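Before any questions on how it binds or moves, here is one chain, the form predicted alone, in C-alpha cells.
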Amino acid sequence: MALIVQKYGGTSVGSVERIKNVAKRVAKWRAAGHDVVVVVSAMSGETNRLMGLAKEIQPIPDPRELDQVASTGEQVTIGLAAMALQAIGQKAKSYTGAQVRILTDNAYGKARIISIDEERIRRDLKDGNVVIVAGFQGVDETGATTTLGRGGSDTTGVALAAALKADECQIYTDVDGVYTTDPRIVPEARRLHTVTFEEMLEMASLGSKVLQIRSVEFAGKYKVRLRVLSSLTDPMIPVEEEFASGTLITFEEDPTMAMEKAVISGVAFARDEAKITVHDVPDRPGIAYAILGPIADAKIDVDVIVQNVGHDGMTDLSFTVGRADYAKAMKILKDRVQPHIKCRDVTGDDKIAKVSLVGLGMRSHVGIASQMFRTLAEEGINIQMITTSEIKISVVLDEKYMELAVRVLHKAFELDQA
C-alpha cells in the first residue's frame, strides 16, 4: 500500500461532471489499497471571477482582504469533491488550508509555506477516509487566510507530499505529461516518459506551463517523486496502467534508458518577454548595479543580461524583463536611472521571445550551440541575445520568428524521433 497525493487543477474540476470523474478516479486508487490525499484548485475561471468582483469594489484591493475572497473558490471545490466521493460509497473529509493548518508567512497573495501539521490528515487516513485539501491557501500566525500565488495548488500538493512522506505526488492536468515542446506548435512533439528534476526546473523557468517552477523547486528540495498525468482520460483505467503513464520526474537519469541519453530533452519558449537597452553608460565598476538595482528594488525580475565590450570609456547594457513589467521598468530607467548615470538613451522592444534548448546531454556533448545557431541562421532568424547554463542554451529573438524557431530546432535535434 502506498500513500499517494493527487493534485487536480482548475480544468480537472471545471464542472460537476469532471468532479464526479475525479471522485471515480480517486475511489479507484483507494479500492486498490492506497491511501489518498487529494489537493484541488478552484473550478476553472473561478479565481479570476472572484478577483474581478474584488476589483469592482476596490480598484487596488487590500491584499489581506483579497486573499479572503480569492481563497473561497477552493473551499467550494473541496466540499463538492468530498460529496462526490461519499455519493459513490467512499468515506471522505475536506479541509481548508487553515483547518489543516498550513502555516505560512503573511506575504498576502504570494505567501510561503512555513510548516504543515499533518496529524489530522494521518488520523483520517487511518480511519479509511480520502482527505481532500484546498490548494493555493494557508493561514498566517494571526489566523488570517493567505494565498500562495501562481501555481499555489501545485505547491500545496508537493508540500503535503513532503510533510506526509508520500510515495508519490501525482499532478493531474489537461495534458498527459511533459512533451518535447508544445504540441500545438509542433504536432510531432513526443511525450517524455521520464525527465530529470534539473531539466524540468529549467523547462519550467523557461516557459513550459505544465508545472510551475515553485512546485518543482519544492519537490527537488524535499525529494518528492512527481508524476504528471491527464485527468481527461477514462477515470476507470486500471491503476497499474495509469501508474505507468504520464511523465515521471526523477532525481537521477532513469537507469532503464539507453546508456547515452538524448542530448536534448526539449525546446522551451516564452512569449511574454521584453528587451531593454541602456546606451552609452560609463564603463566603470558599479554601473550594472546602478542600472539594475532600482529595477530589483521595484520587484522586477531580470533574466538575460548582456554587456557589450567597452569603447571610449562607454558601453551598452541590455537585459530582458517580463512583458508585464516592461512599462514599469522603462519608466524607472528614464525617470531615475538615466539622469543619475548620464547615459545617452534607453530603448526597448516588447515584441521579443525566448527559445531554449534543454538537456542533460549537453554536459557530455560538444557542438550543441553551433548546431542551434546554424539551424536558426539557415532560416534567416537573427539572434539578439544568448545565455547559457550547464544544461540549457537560450536565445532571444523577434517574436514573429518564435514558432518557426521552435519547429526547426525540434526537427534539427531529432526530438520527433522515439
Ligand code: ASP
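Superpose the two forms; the largest set of C-alphas matching within 1.5 Å is the rigid core. Not measured: the values here are computed from a predicted model. Residue numbers run from 1 along the displayed sequence.
Another form, the form predicted in complex with the ligand, is not on view; read the next lines as being about it.
Option touching the ligand, based on a heavy atom within 4.5 Å in the predicted complex, out of T47, Q384, Q68, Q371: Filtering the options by heavy-atom distance leaves T47.
Of the residues A42, I352, V358, V36, which one places a heavy atom within 4.5 Å of the ligand in the predicted complex? When the ligand is considered in the predicted complex, the option within 4.5 Å is A42.
Among the candidate stretches 90 to 98, 320 to 328, 116 to 124, 150 to 158, which one is within 4.5 Å of the ligand in the predicted complex when only heavy atoms are counted? Going by heavy atoms within 4.5 Å, the stretch is 150 to 158.
F218 near the ligand in the predicted complex, any heavy atom under 4.5 Å? No, F218 is distant from the partner.
Using the arrangement in the predicted complex, list in sequence order the residues of 50 to 84 with any heavy atom within 4.5 angstroms of the ligand. Result: E74 alone.
On a core-based superposition, does R150 travel 2 Å or more at its Cα between the shown form and the other one? Superposed on the core, R150 moves its C-alpha 2 Å or more between the shown form and the other one.
G293 C-alpha relocation of at least 2 Å between the shown form and the other one, rigid core basis: For G293, whose C-alpha is compared between the shown form and the other one after core superposition, the shift is less than 2 Å.
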